[in-house]
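Encoded as structure tokens, the following chain is the form predicted on its own, with no partner shown.
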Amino acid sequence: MFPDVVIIGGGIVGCSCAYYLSREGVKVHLVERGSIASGTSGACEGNILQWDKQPGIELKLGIASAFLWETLAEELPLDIEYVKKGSILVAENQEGLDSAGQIVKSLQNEGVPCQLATREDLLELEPNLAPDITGGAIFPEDAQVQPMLATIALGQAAKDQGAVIHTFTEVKNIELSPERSVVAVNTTAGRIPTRAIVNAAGVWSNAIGKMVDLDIPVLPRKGHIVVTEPVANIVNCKMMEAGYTQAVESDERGLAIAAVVEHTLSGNILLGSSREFVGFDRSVNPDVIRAIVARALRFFPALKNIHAIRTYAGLRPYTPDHRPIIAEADTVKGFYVATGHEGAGICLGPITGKLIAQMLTGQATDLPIEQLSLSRFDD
């Protein structure tokens, strides 16, 4: 039996699409050239954040996906280490505090629970914070998952609902009809006839787009993570410094670093974050690691006695306007694009999968999708 749709990419976005499509009774094949979560979804932090989203469609996506994660934590067949622990934004000077105030005001206008916090407020929540911070903000609705477990759980749930997962299978080319409708996907494991494709290949989305003469403006943006040995809980919430948003939203080609510190359920502490454009190079740069550790120590001096045991780097799919692409291509019938989430792929994976499922099954979408089109990048 030929599938109704072939999903290309076995990361959080591809597996979310497989989950929501198969739940609607759609016959799904997912093709992944490595193992599930072997790309970006296996080299990130698992953030489910509201405060780093701009008001408008980006924040609406974040709020909708956060609700879906709460449900998925109960529905999925594996423990995804979902924790709604909240996050704090920490400022080390008045400029950072002013930035936090602007974020709080804009989110409160959208109905997102959050508040400004004094230094004393933050030290009560996080006694191990540096005592000379200026203040910051509290976002109690933020959560986290273990990203690899979450991706694998979505893939497994999709299989349980009838989806077929082809790992270690690479897409060679895509067949179109003379009218430019999807006909089949040719892979290293053979030809798969289908009428629809979801390109969820993350930083490799443009290479897949080129197979049907589409330009998908996604660039790889590298980020490093440091993992410490398991320790007793010295970080209660997720902590980001006030410059985090500027680092993420910067379009500068140079290195941008902002402190992110979070404790996982397994006891390891994750330290981030960095952003830089270096092509598809995933090697770890010791200088970047040193800079990340220095920023983390600035805010959590207690980390000085804890050993780092592992470092890694991943590539985030960046778009020029920092919004994902969730749309059917205007010029190729049956070719859908779900990519460009950069560092928000884990957060926005579920709502992306649900929107794609609604589009493919002809349902009204939960959110307006016009601002997520691929054609917005046309000249």
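Please read all numbers here as calculations on a predicted model, not as lab measurements. One rule holds for the numbers: they count along the sequence shown, beginning at 1.
From this point on, the text means the form predicted in complex with a small molecule, which you will not see here.
At the 4.5 Å threshold, heavy atoms of I346 reach the small molecule in the predicted complex. Proximity of I8 to the small molecule in the predicted complex falls within the 4.5 Å heavy atom cutoff. When the small molecule is considered in the predicted complex, S38 lines it closely, a heavy atom lying within 4.5 Å. Proximity of A43 to the small molecule in the predicted complex falls within the 4.5 Å heavy atom cutoff.
Interface residue among H29, R323, K354, R316, judged by heavy atoms within 4.5 Å of the small molecule in the predicted complex: R316.
Checking L107, I225, A196, I257 against the small molecule in the predicted complex, a heavy atom within 4.5 Å turns up for just one residue: I225. Look at 128-136, 199-207, 98-106, 74-82: in the predicted complex, residues with non-hydrogen atoms within 4.5 angstroms of the small molecule sit in 199-207.
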